[in-house]
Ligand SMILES: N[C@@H](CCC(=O)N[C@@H](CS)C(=O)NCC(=O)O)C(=O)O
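The data below hold one chain only, encoded as C-alpha cells and taken in the form predicted alone.
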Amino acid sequence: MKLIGHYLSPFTRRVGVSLHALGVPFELQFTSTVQTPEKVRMHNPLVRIPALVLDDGEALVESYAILDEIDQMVGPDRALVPPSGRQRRRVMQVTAIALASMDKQQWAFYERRFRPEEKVHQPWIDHNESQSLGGLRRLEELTAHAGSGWVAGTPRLSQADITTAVVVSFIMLIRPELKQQLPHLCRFTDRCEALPAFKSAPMPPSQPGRPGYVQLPG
C-alpha cells in the first residue's frame, strides 16, 4: 500500500501512525497539494491528502474513511475504534473533539495567512480560536483524569489517543503559547510521541531551509 501525503498534515499523519501501530506495511509517497497538486489529483479528485492506494490500485480518500477501512482490514479485536458499545462512543467522541479543535485552529490560522492584512477579520479569528480552546480544554480535562491511562478510557491505545496526540502536536506547532494552558494534554501528547508508532511517522520540521520542510497548508 502507498500513503499519499506528508506528515505535516495531521490527517495524513494520523493514518500513518495508525498503520504503524497496527503493523500494517505501507510506503509513504511524499505528495503536497501545494507543491505537487497534480500528483494528488491522480488519486483524489478533491486534491486533498491523504489518500491510501491499496495493493490492487484502488485509492481510498479522507482520513476518517481510510481509518475505518483499516479497522475493517485488521478485524474487531485489533481495530483502533471499538466495534460497538460505550467504548466506541467514547473513542468516536474524543476523536471528533480533537479533529474539530484542529479545524477551528486552522481556520483562524489561515485567516491571517491567506488574506491581505487589510481584509483580515479579527472577530472571525477570535470566534474560531474560542471554539478550538473549548475543545482543547475538554481534552485537557480528559487527559488529567486519565493519568497514565488512555484518553478515552480504553485498555489499550485507540484512535482517540492517536488523533488527539497528532492534533495537539500540530496545534502546538502553530500556537506554541498554548502549552502553558494545557499541561496535562501536552504531557499526554509527549507520552504518545515517544511510542514507536509515532516515531515511525514523525512530523517534519516546518522551518524554511531545513530538511523535510513542507509549506503549510498541505
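Just so it is clear, the structure is predicted and the values come from calculations on it, not from any experiment. Numbering starts at 1 and runs along the sequence shown.
The protein also exists as the form predicted together with the ligand; that form is not presented, and the subsequent description refers to it.
- Remark: of stretches 142 to 150, 74 to 82, 103 to 111, 129 to 137, the one touching the ligand in the predicted bound form is 103 to 111 (heavy atom within 4.5 Å).
- No member of the trio 164, 178 and 189 reaches the ligand in the predicted bound form with any non-hydrogen atom inside 4.5 Å.
- Not displayed here, the ligand is approached by residue 33 to within 4.5 Å at the level of heavy atoms in the predicted bound form.
- Contact check for residue 48: a heavy atom falls within 4.5 Å of the ligand in the predicted bound form.
- Within 4.5 Å of any heavy atom of the ligand in the predicted bound form lies no heavy atom of residue 18.
- The ligand is not drawn, but in the predicted bound form it has a heavy atom within 4.5 Å of residue 11.
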